[in-house]
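What follows is a single chain, given as structure tokens, in the form predicted on its own.
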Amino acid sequence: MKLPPLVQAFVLHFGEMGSRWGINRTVGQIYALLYVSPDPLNAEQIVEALGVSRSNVSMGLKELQAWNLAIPKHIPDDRRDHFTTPDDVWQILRTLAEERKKREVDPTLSVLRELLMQTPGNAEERHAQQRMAEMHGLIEQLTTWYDDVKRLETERLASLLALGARVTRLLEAKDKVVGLVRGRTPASARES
């Protein structure tokens, strides 16, 4: 690699992490290089920086474009395609979450729905369906939560994440208020 040590460490790490995330090591490295590059890069610049084949870079760029993580940029007076990543890290997070949902969560929900529609043939299948129903319910609940959260403005989402475990205090306060309201309602009804 022909990169400064700091950049090389980041690029190598993303390559290692990419293989753990289910993407090719080179795809992770290309993404990391584009992410930290101050200017859009063309395929030849990526080949030179990473020391990988041109075909590997082309396939990696296509995959990153399919994930909406590599954006083509036109450079005046240059016919070559140049690429960069989205600037906003929150947008990158949203894109990754949406793409993973489409590729992993949605197909799993579809299979679970199909399996839950079938009539179990014996006790073992009834037990399996019961377990699948629990999993389906949890994934549906998480999907509904995700759909709500993805509509939040970035500032709101950042505030929500900053709350961390302190959100439990809010839930405890809500429970107290609900308890007080419920406690008063029967008494109010008796007084009438």
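Worth saying up front: this structure is predicted, and the values here are computed from it rather than measured. Heads up: residue numbers just count along the shown sequence, starting at 1.
What comes next is about the form predicted together with the DNA, which is not displayed.
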Considering only heavy atoms, tell me if T26 and the DNA come within 4.5 Å of each other in the predicted complex. yes
Taking the DNA as it sits in the predicted complex, is R80 in contact with it (heavy atom to heavy atom, 4.5 Å or less)? yes
Under a 4.5 Å heavy atom criterion, is R126 part of the interface with the DNA in the predicted complex? no
Please tell me whether any heavy atom belonging to S37 falls inside 4.5 Å of a heavy atom of the DNA, as the geometry stands in the predicted complex. no
Considering the DNA in the predicted complex, which of S55, S159, Q130, T144 comes within 4.5 Å of it through any heavy atom? S55
None of A49, I139, A43, L64 but one has a heavy atom within 4.5 Å of the DNA in the predicted complex; the exception is A43
Quick check for you: of 115-123, 72-80, 102-110, 86-94, which stretch puts a non-hydrogen atom within 4.5 Å of the DNA in the predicted complex? 72-80
